[in-house]
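Single chain ahead, by itself, as structure tokens, in the form predicted alone.
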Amino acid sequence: MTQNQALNEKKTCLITGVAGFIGSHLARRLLAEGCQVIGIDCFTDYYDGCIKEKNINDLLEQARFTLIRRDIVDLEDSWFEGVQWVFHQAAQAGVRASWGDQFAHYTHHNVLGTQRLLEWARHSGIERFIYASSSSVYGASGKLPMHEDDLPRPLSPYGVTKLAAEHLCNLYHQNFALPATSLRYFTVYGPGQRPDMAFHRFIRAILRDEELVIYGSGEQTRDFTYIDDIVEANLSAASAQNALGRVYNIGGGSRISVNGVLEILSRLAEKAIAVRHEPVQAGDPPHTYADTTRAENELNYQPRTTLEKGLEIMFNNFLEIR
């Protein structure tokens, strides 16, 4: 079944973390395709809740959208009657915040929350369960690009919890034939990106003529993935016949240093950027780069938005809303 054929059936979809950056973009796309969307979000205080409220304001106006303001750990069967596709985007985010006493939040939301959702899903008759994993599971990989069969070695407690949840999805597929697929996202960006993420911080500082903070030399590299490509990958994974029980890298198709990103932003802003360097933060890998061959072959995945174009869209969005 192709993506278009699947969407023509007007699925009833559950999106966890629906008020977040990725969840709200995904909900908007599914609603545009005519699907029914049930969204759940517990509105954690990791960042300003007003941002999440703004993310879903337009969704709340649509008759085919239902919002549940609850924690999935407290899940009740009656919440999600009739769901066919599950997009599990909810997670306690943030590599740097996952150390110390905060770790309990990560095990609660990322591990226990996923297990509760999987327990519900294995009895519900769903057609697809798409889990939002992360490139953080790889850690400081000894080789680039990173391949799905490489040994995961997370560098942060956050990465450990994302990998644990990914393993849970595989266990439920192997033992109960749950139709689960995991997508390892590589640094997602675009309009509405979380305020703690690098591009959001960079553009905000540039427009305010503030000093911009870089952790390390700036020569660390990342594979950045535009939000629309992430959404397309989710829809493809939900409709691809051979995706069950599989793990896929979802990247932007290239990698660039943080200094290279600043050069692009300097051109967009048409001015020099003031930078302050601070020590490398615990848990930050030196490089990420996705081998997306498997996703290309099995999901027909192709990133369509170049970094230059995506940054231009994000920069202009900041200009419009400030």
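Just so you know, these numbers come straight off a predicted model, no measurement behind them. Heads up: residue numbers just count along the shown sequence, starting at 1.
Beyond the structure shown, there is the form predicted in complex with a small molecule, which is absent from this document and is the topic of what follows.
Asker: Check 201, 220 and 224: does every one of them have a heavy atom within 4.5 Å of the small molecule in the model of the complex?
Answerer: Looking in the model of the complex, the three residues 201, 220 and 224 all sit within 4.5 Å of the small molecule (heavy atoms).
Asker: Scan 160, 231, 111, 214 and let me know which has any heavy atom within 4.5 Å of the small molecule in the model of the complex.
Answerer: Only one option qualifies, and that one is 214.
Asker: Counting any non-hydrogen atom inside 4.5 Å, which residue from 129, 248, 186, 172 sits next to the small molecule in the model of the complex?
Answerer: Going through each option in turn, the one that passes is 186.
Asker: Heavy atoms within 4.5 Å of the small molecule in the model of the complex: which stretch in 97-105, 69-77, 240-248, 131-139 meets that?
Answerer: The contacting stretch here is 131-139.
Asker: Report whether the minimum heavy atom distance between residue 258 and the small molecule in the model of the complex is within 4.5 Å.
Answerer: Because a heavy atom of residue 258 falls inside 4.5 Å of the small molecule in the model of the complex, the answer is yes.
Asker: Would you classify residue 122 as touching the small molecule in the model of the complex, given a 4.5 Å non-hydrogen atom cut-off?
Answerer: No, residue 122 stays farther than 4.5 Å from the small molecule in the model of the complex.
Asker: In the model of the complex, does residue 197 come within 4.5 Å of the small molecule, counting heavy atoms only?
Answerer: Residue-level check for residue 197: yes, a contact with the small molecule.
Asker: Using the partner position in the model of the complex, report whether residue 90 sits within 4.5 Å of the small molecule, counting heavy atoms only.
Answerer: Residue 90: no contact with the small molecule in the model of the complex.
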